[in-house]
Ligand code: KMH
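The form predicted alone is given below as one chain in structure tokens.
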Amino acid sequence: MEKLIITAALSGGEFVSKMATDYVPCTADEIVDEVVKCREAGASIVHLHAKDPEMGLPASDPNPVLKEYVERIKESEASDIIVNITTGGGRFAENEVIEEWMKERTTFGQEMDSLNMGSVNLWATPKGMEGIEKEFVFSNSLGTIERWAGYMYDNGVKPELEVYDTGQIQTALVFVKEGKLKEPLHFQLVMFGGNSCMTPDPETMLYCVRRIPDKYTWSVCAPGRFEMEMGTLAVIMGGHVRVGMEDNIYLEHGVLAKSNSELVAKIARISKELGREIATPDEAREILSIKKK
């Protein structure tokens, strides 16, 4: 079995801020420090959202924050880590404006971007949206997916295919046939449950993995206590794992994680106990067919 790739999702977007935990990194200094700690704990990929430095709420677009994160990470002790930037946050604008943001967002020197493979209803209710959440749609049309994948490929960025529901796997496979996505694919199974995402349970994961051809790689992210449960199952099944405060702020029941690196170290320890080694960033590049920038 190939070595385990651990992604550290440091801070998330709308759902994680200082209102949820004082330990979420918000400033550029805190982000870079967390990346270094996560690299030391075993992460080979770091997934980034732009954060307001005061409270950790989503930074407004357009912003210089993500570019600064990438530049400073490349100058840090974790300079070899694979940087993965979200294309999911900062969507509250006109479509034409968002399109320009996304073109720019693929040019910061990162090696991966998230690419959401379909539209979903709101899967949880962030503070401030109570009462209107049933009217909100996280929109990712087929045309948008195709264009944004093109921006990524134009800049040498590998898409990480975010799958919120099982049919989105089929969307990706069709896009390969049409030449819109390049092999080999890397899927992220987003098992957030709630009102519209896949349920975080073994049956759902097994179904998804059976739908993904063996020549492709896959990872899983899940909320709260399901993070380690689904992560452990992915370790056993040959997949990869995302952990971090974007998905889960607790190290164990009732105990807040003081750093993302504690969550990385926990899944790394579980994997090693199960006899599966942890991939370095360069080993992860080889597994994912990423050419180092």
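Keep in mind that what you see is a predicted model, and the values were worked out from it rather than measured. From 1 onward, residues are counted along the sequence shown.
Although not depicted, the form predicted together with the ligand is the subject of the following passage.
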Which of 70 to 78, 212 to 220, 110 to 118, 170 to 178 lines the interface with the ligand in the predicted complex (heavy atom within 4.5 Å):
110 to 118
Taking the ligand as it sits in the predicted complex, is D165 near enough to touch it, meaning that at least one heavy atom pair lies within 4.5 angstroms?
no
Contact label in the predicted complex: M152 to the ligand, heavy atom within 4.5 Å:
no
Might G193 be said to contact the ligand in the predicted complex, defining contact as any heavy atom within 4.5 Å?
no
Is H240 close to the ligand in the predicted complex, meaning a heavy atom pair under 4.5 Å apart or at it?
no
What residues of 198 to 214, in sequence order, lie within 4.5 Å of the ligand in the predicted complex by heavy atom?
none
